[in-house]
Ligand SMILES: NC(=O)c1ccc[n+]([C@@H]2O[C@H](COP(=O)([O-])OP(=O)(O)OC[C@H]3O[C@@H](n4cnc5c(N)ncnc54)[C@H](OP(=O)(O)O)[C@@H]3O)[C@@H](O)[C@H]2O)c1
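Heads up, the chain below is alone and in the form predicted on its own; it's given as structure tokens.
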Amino acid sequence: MTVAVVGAAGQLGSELVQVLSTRGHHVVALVRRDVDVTDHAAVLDIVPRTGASVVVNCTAFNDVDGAEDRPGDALAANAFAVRSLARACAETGATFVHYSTDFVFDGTASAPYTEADRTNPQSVYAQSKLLGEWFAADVPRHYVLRVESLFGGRAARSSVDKIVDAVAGGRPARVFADRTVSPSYVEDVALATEALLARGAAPGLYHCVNDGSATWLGVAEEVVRLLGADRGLLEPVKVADVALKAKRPQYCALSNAKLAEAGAAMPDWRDALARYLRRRG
């Protein structure tokens, strides 16, 4: 199949280009100089020209705190650009793949969130991402994949990557001891995306994270163990003790049982972290 990857230079986009290409798909990689996704007319023009039967959107405004001061920018990238891409896919009959976030939940749960759980975004960023989900769902054949705490890839700048860089460099790493996450390795997210497309899975909303969950301190402790580093480098902090402009969900573990039932089971996050560290050398 021909797949247009929008945002192909980013952390997830670059990984998708590689995974899809190695599995025999013809990939059209679109970066910012090719199309400004906030330009509705430009999006409607370029999508048909790619000849793509699948359009994958990897663009996003990910500055969670910055979105509080720049709501227009967040909405333009995370909501209205999605609407433009969705409209282009609807007009061409293409399948649309879009990525969302655990931030659409308020973080008050005590068990991993499922796709059926009620959303309750607590920040401008989260609200813009939820709007994007709704726009993406307008396409008859769509996949909205919620990911969180992405790590790995060539454009890696995530929290996991920062922890690894600090620990590997013998520097202190401040980590939340009371915020629970389900990390997502970009290679596994890309493979799961390809599996859904190749299997022709039922369209809809899926959680796409590595299996299991841990506090950020737990994740950092696993990094320390795998690297044989000094646990004394870790500086546990509480969410309440850190000044953040935008509210974060404190418990944001996601269940990926629906994804597994669709034939795209995800490995445990510890396995993913170990593979990532080996890949980094």
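Position 1 is the first residue in the sequence shown; the rest follow in order. Here the structure is a predicted model, which is why all the values come from computation and not from measurement.
Below: the form predicted in complex with the named molecule, not depicted.
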Inset, instruction - Go through 193-201, 168-176, 116-124, 140-148 and give me the stretch that gets within 4.5 Å of the named molecule in the model of the complex, heavy atoms only. - result: 140-148
Inset, instruction - Consider V19 of the chain shown here, and say whether it contacts the named molecule in the model of the complex, taking contact as heavy atoms within 4.5 Å. - result: no
Inset, instruction - Check whether A262 has any heavy atom within 4.5 Å of a heavy atom of the named molecule in the model of the complex, and answer yes or no. - result: no
Legend entry - the named molecule contact in the model of the complex: R154, any heavy atom under 4.5 Å: no
Legend entry - Distance check, Y99 to the named molecule in the model of the complex, heavy atom within 4.5 Å: yes
Inset, instruction - Would you mind picking the one in T215, T38, S53, S255 that has a heavy atom within 4.5 Å of the named molecule in the model of the complex? - result: T38
Legend entry - All of V181, H207 and V219 with a heavy atom within 4.5 Å of the named molecule in the model of the complex: no
Legend entry - Residues of stretch 56-74 in contact with the named molecule in the model of the complex (4.5 Å, non-hydrogen atom): C58, T59, A60, N62
